[in-house]
Each structure stands twice: as C-alpha cells, then as structure tokens.
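Just one chain is shown here, as structure tokens, and it is the form predicted on its own.
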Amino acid sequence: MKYSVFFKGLAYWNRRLHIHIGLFLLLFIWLFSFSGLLLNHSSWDFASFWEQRKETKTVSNISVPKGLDSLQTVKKIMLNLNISGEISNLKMTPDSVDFRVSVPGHIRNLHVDFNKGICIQNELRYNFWGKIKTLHTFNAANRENPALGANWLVSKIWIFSMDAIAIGLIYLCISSWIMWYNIRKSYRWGTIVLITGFAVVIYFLFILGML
C-alpha cells in the first residue's frame, strides 16, 4: 500500500514538473529550433544576412594607463570606449594591443596604438537573422585559450542558462518516457515510435563513424 501511494505521488509530481518545465523552456526550444532551421537552410532569401552586413571603421583617441596586464588593459580600453562583450583574440606587445569584442550579431576588431594614443575599430554588424543564427552557436569559447573561459557576465549567464536548458530537456525526455510507460498499454504505438527514434539516432552515429 505504501509503495502504491509513493508511486502515485511520484507520477503526480513528475507530471506537474514535466508541464511546468516544458512551459518555461517553450520559448527557448522555439528559438533554437527556428535558428537551427536557418542554419540548415542558409539559402533562404529572407534569412540572408552576410550580404546585408554593415562594416564600419572608426578611429578614436584613447589614453591607456601603464603597468596593467593585458586583460586589465583591454577592460580599461573598453570602459573608455563604453563597449562591452566577450573578449577574444587578445594579442599584446609593448607598443600595441589587438583584441576582439563580440556579442551575437556584432563583432568589433580593435587595434590600440599606445604610442599614438589611438584606437582603430573595425565593426561588423549583422541583421536580425544574422543575430539569431549567431545566437544559436554562441558559447563564448576561446579557441586560442579554452581554459580561459567566458569573461563577459552576459556570456557566463548565457552558458549557465544553456546548461540548465540541456538538463531540462533531458528531464523532459525521461519524464515523457516515464509517463508513457505507466500507460503503455493504451499507447501501443509508443513502443514502435521509441524503437524507431533509437534506430534513427544509431544509424546516424554509425554513418558519421562515431560507433
């Protein structure tokens, strides 16, 4: 009797969590589904963004304090220029520093000449569709120094959110299976659908050489 009550309570909370987590993740799932379609169908005219990009170049006077390390120097420059974003491609010499500041859909490549006291910015802006596509793959990964991790607060929050979404989707799949299993006699096609899904994934893993 106790076990029966326990499993009924478990099924009750599993169903409630499944519904509420699904509602919370609804817009995220739509966002990544839609941006995934755009990535897979880059030939769609309405989603064209590279041809419509805007490139600008600006030169600004800037004063940089001496005696700072490379990251502190870059952050001071960004503060003076009133810009923010994920820092990457950082290269510093005694006379200059080069780095990139990125946000989804907006990239700045900056070169600062300490001797001349100038900062040259080459900006690249995408339209709305370009931002959506970029957002799909945005993870703040530093290719040159993977151990460095994210250095922009928004990137850190975004990475945490993506981890939470991934865990949420894993839970939704598991809870869906649990709910189906409890009523599997009424949904006999569920077994076929489940096996088909596994078979398709295994097929692609085999074709891609991962098995």
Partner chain sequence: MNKYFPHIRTLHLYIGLFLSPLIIIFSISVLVLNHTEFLKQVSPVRVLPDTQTHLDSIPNDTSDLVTAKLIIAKLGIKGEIEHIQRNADQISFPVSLPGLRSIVKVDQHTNEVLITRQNEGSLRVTGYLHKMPGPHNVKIRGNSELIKNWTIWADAFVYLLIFLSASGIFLWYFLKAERSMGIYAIILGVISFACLLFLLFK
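Positions refer to the first chain, counted from 1. Please read all numbers here as calculations on a predicted model, not as lab measurements.
Another form, the form predicted together with the partner chain, is not on view; read the next lines as being about it.
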statement: Contact with the partner chain in the predicted complex, heavy atom within 4.5 Å, among 135, 71, 120, 124 goes to 135
- request: Could you work out which of 139, 89, 96, 80 is the residue within 4.5 angstroms of the partner chain in the predicted complex, going by heavy atoms?
  value: 139
message: Is residue 41 part of the interface with the partner chain in the predicted complex - any heavy atom within 4.5 Å?
response: yes
query: So, in the predicted complex, is residue 47 in contact with the partner chain at a 4.5 angstroms heavy atom limit?
result: no
- prompt: Is residue 9 close enough to the partner chain in the predicted complex to count, meaning some heavy atom within 4.5 Å?
  reply: no
query: With a 4.5 Å heavy atom cut-off, would you call residue 162 a contact of the partner chain in the predicted complex?
result: yes
query: What residues in 20-35 sit within 4.5 Å of the partner chain in the predicted complex, counting heavy atoms only?
result: 20, 23, 24, 26, 27, 28, 29, 30, 31, 33, 34
